[in-house]
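Take a look at this one chain, the form predicted alone, written out in structure tokens.
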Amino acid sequence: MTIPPHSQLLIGQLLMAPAGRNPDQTIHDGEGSVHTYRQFHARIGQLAAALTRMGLDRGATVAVMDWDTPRYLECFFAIPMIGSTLHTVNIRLSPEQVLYTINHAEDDAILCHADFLPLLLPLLSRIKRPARLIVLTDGPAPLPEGFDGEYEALLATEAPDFTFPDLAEDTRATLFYTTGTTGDPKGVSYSHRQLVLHTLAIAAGLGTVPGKGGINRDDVYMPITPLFHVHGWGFPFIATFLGLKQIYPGRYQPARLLSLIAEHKVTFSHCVPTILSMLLSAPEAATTDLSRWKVLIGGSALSDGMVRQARRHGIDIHAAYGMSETCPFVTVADMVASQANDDITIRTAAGRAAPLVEVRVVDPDMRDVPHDARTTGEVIARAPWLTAGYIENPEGSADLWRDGWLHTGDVGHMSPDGTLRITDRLKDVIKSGGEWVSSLTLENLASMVLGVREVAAVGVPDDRWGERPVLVVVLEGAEPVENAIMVRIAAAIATGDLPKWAAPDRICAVAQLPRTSVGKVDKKLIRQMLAKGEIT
């Protein structure tokens, strides 16, 4: 049966919920400018008209290189709604990787903030496909040579009453690139249908949490996950669908972010652990009221130490779990249980599956392991919004979707009530003397030691044991913590919570941990630095 146009699941339908109900709600940027939802809808129409006038419509791919701004939010809607694909460029990649993604995506246009022109301009002669160029500025500035116009000037010439085309719900809406430990970045795409279903399911899952938890119509939303990273985890779509007041901070500077939280009374955000650690370590955190702030942590494991630090500030913190290939939500920590019992283990668990998500933990033969909160296996998943595969990468896609399930590459265990806990990445598990050592368990124990700001556990080659664990730590001050960490690990071994072979051979202090382009700890690089003697 053919689905009629009005029944298609399209991104534009997400705008229908707040459009007539909350037209005076506001969207702010970090510089103090503000638009109402009514103006936001008009600007989406103007952007769509400007892009269409430039020949960008069905089948085109439009790249965006910007800070987290309301402009970016406009692109989240206008570009897919005209039938084009929004390519969110990861501006933290190396120049060669950025060039690779632009060429691989076959971008037809690039919208680039003036701050990123030093990155883009040297690449232009090597971009294979002719691309229309639009510059985004925060004030008066000359138009760079070869550019077709400036974003605000182009919008100003267009009427807001654009008639959007009817589209099929399986039309590609977004595209971005995820980096692994080897090879070129891999293209991940999502359709209108996938993004709408993800939005509705996560809004339903978090929106039905009673009390102060979840995400509600009276929340004030501010992302501190880059919008190029899995559509800002999908929350810009969710926040717009719910008609929330939204704050887009621009550059991530601790004092600036804390000031915006205080000024706008922000209540809901999401980020990787690194960003939250940066904020809580800033001097301004001591005088900023964070007691109304709900924060979801993803991208890396949420440690017990970070939960304790966040709770001292009154932050309602929980872990969530997903990946670039899952759009991203798979599970979220139990935000109901934590209101009755402020147990750290509730907040740090990956939690239960989101609506419409199936999660299993399996052995190498795809058999489910016991749900005993102890037996580990690989986490696999299915949901209506998981990516179908990598762009022009059939081998990688086949490996991702072995046996009809998406293989996350993460190791975890399941409790009898269906709560998932991630214990490691397959590639990060340390194998010493034929026995597995969880890097996350070691990191969690070390994170509880006073004076430890961040920690990474990796395995290094060993002639006798194959691999041995090493801890690399970032300290709060100058006081040594090695003895305190070893005491805590010894206590865990004595109680049977940790095998004796898991005790690290070395603890190395560094000024900072190396990061990937999306803020995760780069354990591959740490292992290389240890091998070269750059970390001792």
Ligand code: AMP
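Start at 1 and count along the sequence shown; that's the residue number. Because the structure is a prediction, the values reported are computed rather than measured.
Absent from the display: the form predicted together with the named molecule. The rest refers to it.
**Q.** Proximity to the named molecule in the model of the complex (heavy atom, within 4.5 Å), stretch among 368-376, 193-201, 313-321, 236-244
**A.** Looking at the partner contacts, the answer comes out as 313-321.
Q: Check whether residue 15 has any heavy atom within 4.5 Å of a heavy atom of the named molecule in the model of the complex, and answer yes or no.
A: Looking in the model of the complex, residue contacts with the named molecule do not include residue 15, since no heavy atom lies within 4.5 Å.
Q) Does the 4.5 Å heavy atom contact test between residue 300 and the named molecule in the model of the complex come out positive? A) Taking the distances in the model of the complex, the answer for residue 300 is yes, it comes within 4.5 Å of the named molecule.
**Q.** Contact of residue 229 with the named molecule in the model of the complex (heavy atom, 4.5 Å)
**A.** Yes, residue 229 is a contact residue.
(Q) Is it the case that residue 78, even though its partner is missing from this view, gets within 4.5 Å of the named molecule in the model of the complex, heavy atoms only? (A) Residue 78: no contact with the named molecule in the model of the complex.
Q: State the residue from 408, 90, 441, 288 whose non-hydrogen atoms include one within 4.5 Å of the named molecule in the model of the complex.
A: Contact residue from the list: 408.
Q. Among the candidate residues 422, 206, 381, 102, which is the single one with a non-hydrogen atom no more than 4.5 Å from the named molecule in the model of the complex?
A. Comparing distances to the named molecule in the model of the complex, the residue within 4.5 Å is 422.
Q.
Suppose contact means any heavy atom within 4.5 Å; which members of 508-526 contact the named molecule in the model of the complex?
A. Read in sequence order, the residues that approach the named molecule (within 4.5 Å, in the model of the complex) are 518, 520.
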